[in-house]
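The data below hold one chain only, encoded as structure tokens and taken in the form predicted on its own.
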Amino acid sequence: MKSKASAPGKVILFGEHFVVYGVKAILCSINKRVTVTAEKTTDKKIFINSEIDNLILEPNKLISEINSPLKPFYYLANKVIKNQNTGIQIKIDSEIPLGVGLGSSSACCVAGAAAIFKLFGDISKEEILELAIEAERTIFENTSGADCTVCVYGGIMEYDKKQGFKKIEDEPNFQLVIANSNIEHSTESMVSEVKAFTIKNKEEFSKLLEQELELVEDVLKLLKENNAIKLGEKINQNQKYLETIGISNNQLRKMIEIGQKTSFGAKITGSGGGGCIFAITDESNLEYTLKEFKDNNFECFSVEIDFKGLNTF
């Protein structure tokens, strides 16, 4: 018997870094997916296969002893077979680039939790989300859970530290072009750099927080109107704030310049310092935007908002 599940990646549209200081972030899931297949085995071991690593391990190892990006899968498998007379084989297939801020790890944890636990009985989306966040904490100790949440439920959501997650019911039909800088970056170090900025520039950062707060409220209205042009203006404005707090660099600026010239607006998504930027488009400028990035030798692709979220089959 096999169990399969797939979960989408994500993009942070607005609010990265500022969310740490109480502003709402707006995220959306994208139609690039991770698919996980799980099946029981007679050999009482945990087998995990993926493009990036392969593991064959006995159950009941300490998670701290496992030095592999696949340890969230081991955590989930070990949890479910503790009281079962079986082993488990897990296969991971991903369309999402790794380590570039597009929610690859969250999608893995969500699809992994769903596929692995459904082998042993029915499980709700709420329980899957809880397990996925637990699993993600094995690699990102301080995860907010926002990425896993949008991967489970799909569509667009707002998130803040006090109120948590709230689904946005609007379904705008803009498309995003995502361009990858191929610069490795550390979320932890970028968060530390922003914290240093806030300490040195208290008054300036306080004003930026107010401006970002206002911007996000405007965006929530524009999403209802499905207004890609005005959303693009807000995206460009948000990028200026991200430049001010110091998470950009020359490569990212070059990409954003291309995006802002060809689309309705472009900005960094995620922690910055590397990773990806996105540009908001519709049918009128999608192909032109893709062509300009490709002509400048940037890896890029287009995505739509994924409104399905977690899928089990």
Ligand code: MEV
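These figures come from a predicted structure and were not determined experimentally. In this text, the rigid core denotes the largest set of C-alpha atoms whose superposition between the two forms falls within 1.5 Å. We number the residues from 1 along the sequence you see.
The same protein also exists as the form predicted in complex with the named molecule; that form is not shown, yet it is the one meant from here on.
Taken together, the three residues 147, 191 and 270 all lie with some non-hydrogen atom within 4.5 angstroms of the named molecule in the model of the complex. Screening 305, 19, 290, 13 for any heavy atom within 4.5 Å of the named molecule in the model of the complex leaves a single hit, 19.
Of the candidates 165, 120, 205, 140, 140 is the one whose heavy atoms come within 4.5 Å of the named molecule in the model of the complex; the others do not.
Though the partner is left out of this view, residue 187 does reach within 4.5 Å of the named molecule in the model of the complex, counting heavy atoms only. In summary, the region of this chain contacting the named molecule in the model of the complex, judged by heavy atoms within 4.5 Å and restricted to 65-73, 43-51, 250-258, 270-278, corresponds to 270-278. Relative to the superposed rigid core, the position of the CA of residue 130 differs between the shown form and the other one by less than 2 Å. Relative to the superposed core, residue 142 undergoes a Cα shift smaller than 2 Å between the shown form and the other one. Residue 303: CA moves less than 2 Å between the shown form and the other one after rigid-core fitting.
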